[in-house]
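The chain that follows stands alone, in the form predicted on its own, written as C-alpha cells.
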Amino acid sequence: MYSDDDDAALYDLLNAWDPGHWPGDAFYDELVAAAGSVLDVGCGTGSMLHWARENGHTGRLAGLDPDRAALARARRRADIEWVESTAAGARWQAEFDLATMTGHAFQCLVTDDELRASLAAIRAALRAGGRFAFETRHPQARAWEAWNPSNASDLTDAAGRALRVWHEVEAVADDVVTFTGTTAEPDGTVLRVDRTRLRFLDVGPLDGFLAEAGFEIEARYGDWQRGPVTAASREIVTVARRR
C-alpha cells in the first residue's frame, strides 16, 4: 500500500516550490512578499508559506486545507497558522491582505454551491480592498488530453522507492473532468489510485462567480509572464480585489 503520508511526501517531491525556477511560483512569491498578512487556501503541504517565512516574511501567514496528511507535513513549521478545513469552512473575518489558491486548487471547487460558498468565505477573510490571487487552466487548451498512461513519470521517492505515476481521464462532462492518478511500482503493480474531479471554467463564467461574490478583477493574465489572455493561453491567472 501507498499511504496518505507517502502520497503527501510524493507531492512535495513532484511539486517542489522554487520561485527561482518556476515562473508561477515567482508570480505568487512576489505577491506574498508584498502582503503583510496572507491566507493560502488549499495550502497542501505548505511549501509556499514555508518558503515565504524562510525568506524573510515577518507578517501573519496562515494555511487552510482539508487534507490531514498534507497538513501534517505543513505543520513542520510552527511559526505559521495551519487550519484543517475546506475553503467554504473558513471562519476568518477581515483579517488578511492577500488570499491565494495555487497549484490549480481553485479547480477543485466543482459545483456552483461549492464555488459560491468558498468565494464568500475567502472574501470575508480579506480586509477591505484585499486581494485574491489564483489560477485555473484555460479550457481552450484541453490540458486533460495529455493525462494518459503514455505520459507516465518514473521517479524515486524520498524513501528510495522506484515509482511510476500516471493519470487517466474517465469522463469529460460539460466543464468538469474526472480522472484518476495511479502510483505504481516500475513493473506496473498498482500501489494507489486516487480519483479527482476538476472544473474548467472559461473567463466569462469565472468572472460571473467573482462578481456575484463581491470581487472585481484587478488583473488578468494568460501566462506567468503577465501576458494577456489570448486564443493560445493555457492559463487564466486572476488577481481579484474585494469590493
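Given the structure is predicted, the values throughout are model-derived calculations rather than measurements. From 1 onward, residues are counted along the sequence shown.
One more form of this protein exists, namely the form predicted in complex with a small molecule; it is left out here, but the text below deals with it.
The closest non-hydrogen atom of residue 103 lies within 4.5 Å of the small molecule in the predicted bound form. Within 4.5 Å of some heavy atom of the small molecule in the predicted bound form lies at least one heavy atom of residue 11. Though the partner is left out of this view, residue 157 does not reach within 4.5 Å of the small molecule in the predicted bound form, counting heavy atoms only. In the predicted bound form, the small molecule lies farther than 4.5 Å from every heavy atom of residue 39.
Residues of just one listed stretch (166-174, 125-133, 79-87, 146-154) have heavy atoms within 4.5 Å of the small molecule in the predicted bound form: 79-87. Comment: the small molecule is not present in this chain, but in the predicted bound form one of 213, 52, 35, 64 has a heavy atom within 4.5 Å of it, namely 64.
Checking 108, 141, 72, 117 against the small molecule in the predicted bound form, a heavy atom within 4.5 Å turns up for just one residue: 108.
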